[in-house]
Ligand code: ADP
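First, one chain by itself: the form predicted alone, in C-alpha cells.
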C-alpha cells in the first residue's frame, strides 16, 4: 500500500489541489484510495463533501480519542474514502506534544493488519507540527508542490532542511519529489523558479511533470469537483495524469 504525504511549509502552492487530484486520478485507475485531511482548514474534506459537524467524527477523534480510522472514514460522492479534518485539529500540538509515540501514531494505524485499504494520500497543513510529522513518519513518499513563485521555493527549502534533519531518525534518506505547480512558460518567474530548484534540489527528486496554470484546474475545487470530473479534457487533467504516470514509473504507485 502506497502512502503519499503532500506537504510544503508555504500555503497557497497547490497542496490541496495536488492531494485532491492525486486521489481522483488513482480512483480513475480503478483503485479506491484513502485521503487523510490533516489540515485544520479542511479544504480537502470540503471539496469531497465530507465535513462532519462533531470533531470526534474526524481525524481529531483519531488523535484525541483514539478512534480507529475506519470509524471516521467517509465515502465521498466520487468514491474516494476520506478521513476528514476539523478546525479542532489546531489544538493538538498543545494537547499531545511531539513525543515519538505521538508522531508515529498515524504510521502504526496505517500499517496495522486491519488498516483501511488502498493507496493513501495525506493532505498536510503548511506547518511542521504534530500533524505533518505524523504524515512524514507514516508515508513512503513526500510530494512537495512548489508554485512558480519565490516564496514557494523558500518553503520547499525549509521542507528539505526538515527532512534532512530527520534522516538520523529514519537511518535513510526520506523519498521525496518536488513538483512545480502554476507553471506558465510565458512568465519570467517560472523560468527563474525552475533554475533555482535545479540549484537547490537533487535533479532526480524534481518531477519532470509540471502542473501548468489552468483555469479549469483552478475553478474545479469551487465546484466541489476534482479536475477529472470537472474538465477531463483540460490541460490540468492531462498534467495530473502525467504526474501519476511519473510516480507509477518511479515505483511509488502501481
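Worth saying up front: this structure is predicted, and the values here are computed from it rather than measured. Positions refer to the first chain, counted from 1.
The protein also exists as the form predicted in complex with the named molecule; that form is not presented, and the subsequent description refers to it.
Looking at 196-204, 28-36, 66-74, 215-223, the stretch with residues near the named molecule in the model of the complex, meaning non-hydrogen atoms within 4.5 angstroms, turns out to be 215-223. Although the partner is absent here, residue 13 lies within 4.5 Å of the named molecule in the model of the complex, judged by heavy atoms. Among heavy atoms of residue 182, some come within 4.5 Å of the named molecule in the model of the complex.
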